[in-house]
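Given as C-alpha cells, the chain that follows is alone and in the form predicted on its own.
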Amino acid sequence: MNSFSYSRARDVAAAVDEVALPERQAKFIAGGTNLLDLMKENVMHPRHLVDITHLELNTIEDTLEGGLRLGALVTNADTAYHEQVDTRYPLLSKAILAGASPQLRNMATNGGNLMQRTRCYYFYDTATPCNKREPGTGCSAIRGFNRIHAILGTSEHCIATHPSDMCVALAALEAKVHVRGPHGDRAIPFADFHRLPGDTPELDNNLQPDELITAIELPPQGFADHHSYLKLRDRTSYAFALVSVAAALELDGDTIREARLALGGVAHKPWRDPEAEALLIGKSATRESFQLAAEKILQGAKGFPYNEFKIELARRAIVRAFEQALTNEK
C-alpha cells in the first residue's frame, strides 16, 4: 500500500472542499470495506483520505413526498433492520441482507455501497491488462476466465459486472441519489447514476470526483405486498451473484397494474428495461407473462466462453422471482 495523508472532515462543505483540490488526489472514506482492499492490492492509490464518518449523514427519515430518506452514512445493517425499511421496503432489506457478511454490513455504508467497484479478477490483478484499472491496456476477461462476467451492456473494452445487491433493489424501486459538490446539491435518478462501460470503462458512475453522496431517497411506492429478491451464487453466503433478480408487482386481483424488474450480476450496472416491465401491465400474473418479460429484458444478451450459462440462468431466475413475488415466498 502506498503512503497517504489523512484528515477528518468537520462538515459536508469542508469534506467537499478538501476533495475538490486536484493536487491532493483525495478520496472520501467511511466504512472503507472496498476502498482499503483496493489500496492494499495497489489497484487504487489516493494520496489523501478524507474521513467523513463524523458527518451528520447517519439518519433515516420520512420525506415530505411520503418516501424515505436514507442517510449516506447509515450502515447497511442498520438500514436493512430499520423498522420503516423492513416494513415499507422489504425488497431493499432482503437485498442488503443477501450481500456480504454480517461483519461487513455492520461497517459498510449506504453511500459506499453505491460506490463499490467490480470484483473482476483481472481488475484486482495488477499483473494483467485491465481497461478499468489502466485505460488503453486491454480487457483480459474477454479472452480469459469470464464466468462471473457480464452478458448485457458490454463493450469491447470491458465486460465487468457491478457487484452490489443493494443497488439492484434501489434500481427496481427507482430511488434517487442526493449528492453535494462545490456547485451545490443535485439529485440523480438511480437509473442514471451508474454507467455502462462503453469507451470509458474506468468510469463506474456519473458522480463527479468532487461530489459526495449525502442520501438515497426512496419513493412512496415500496411494493411491500408483492416482491422478491432472488440471488443465485456459487455458495449460499458471502458470495457475489452470478445472477440476481429484484422483482416487484402491484396487483388488482390477478391482473398486473405495475411491475418492476432489475437484474444484478449481468452488467456493468443494475440492469432494467422499462419495455420488459411494460409488457406485464394489464396481463394476468402467470408464468407465461413472466416468461415474456424475461425474453424481452434478455434480448441482446451475449455470453462469453465461460458464462453463456448465465443467459438461461437469468431467464429462469426472472420467472421464479416473479412467482415468488406473488406470495413473497423466500
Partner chain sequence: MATTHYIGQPTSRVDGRAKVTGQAKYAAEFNAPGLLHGVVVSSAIAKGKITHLDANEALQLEGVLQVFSHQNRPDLAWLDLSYKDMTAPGGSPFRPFYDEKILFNQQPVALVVAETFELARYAATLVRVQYESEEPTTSLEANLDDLYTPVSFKLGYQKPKSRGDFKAAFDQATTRIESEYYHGAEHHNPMEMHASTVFYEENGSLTIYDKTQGVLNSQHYVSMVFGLSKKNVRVLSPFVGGAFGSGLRPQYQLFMAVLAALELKRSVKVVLTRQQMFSFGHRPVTMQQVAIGATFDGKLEAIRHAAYSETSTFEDYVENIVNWSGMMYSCPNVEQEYKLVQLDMYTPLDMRSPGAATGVHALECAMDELAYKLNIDPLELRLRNYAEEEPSEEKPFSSKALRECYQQGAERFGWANRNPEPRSTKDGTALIGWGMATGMWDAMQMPTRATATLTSDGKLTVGSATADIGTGTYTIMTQIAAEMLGLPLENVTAQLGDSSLPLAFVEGGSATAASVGTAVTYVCEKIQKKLLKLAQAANNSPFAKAKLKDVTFSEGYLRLRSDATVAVSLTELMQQNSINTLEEKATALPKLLKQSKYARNTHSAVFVEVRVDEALGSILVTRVVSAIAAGRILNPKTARSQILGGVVWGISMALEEDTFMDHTYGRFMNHNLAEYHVAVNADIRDIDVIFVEEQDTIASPIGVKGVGEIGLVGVSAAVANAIFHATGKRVRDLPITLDKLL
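Numbering follows the first chain given and starts at 1. Computed from a prediction, not measured in an experiment: that's the story for all the values here.
Keep in mind the form predicted together with its partner chain is missing from the figure; the text below concerns it.
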State yes or no: in the predicted bound form, is some non-hydrogen atom of T128 no more than 4.5 angstroms from a non-hydrogen atom of its partner chain?
yes
With heavy atoms only and a cut-off of 4.5 Å, decide whether G144 touches its partner chain in the predicted bound form.
yes
Report yes if any heavy atom of I148 sits within 4.5 Å of a heavy atom of its partner chain in the predicted bound form; otherwise report no.
yes
Tell me, yes or no, whether R47 is in contact with its partner chain in the predicted bound form, where a contact means a heavy atom of each within 4.5 Å.
no
Just to confirm the contact call: exactly one of 136 to 144, 192 to 200, 90 to 98, 107 to 115 touches its partner chain in the predicted bound form at a 4.5 Å heavy atom cutoff, so which is it?
136 to 144
Quick one: in the predicted bound form, does every one of L230, T236 and R316 get a heavy atom within 4.5 Å of its partner chain?
yes
In the predicted bound form: members of 94 to 119 within 4.5 Å of its partner chain, any heavy atom
R119
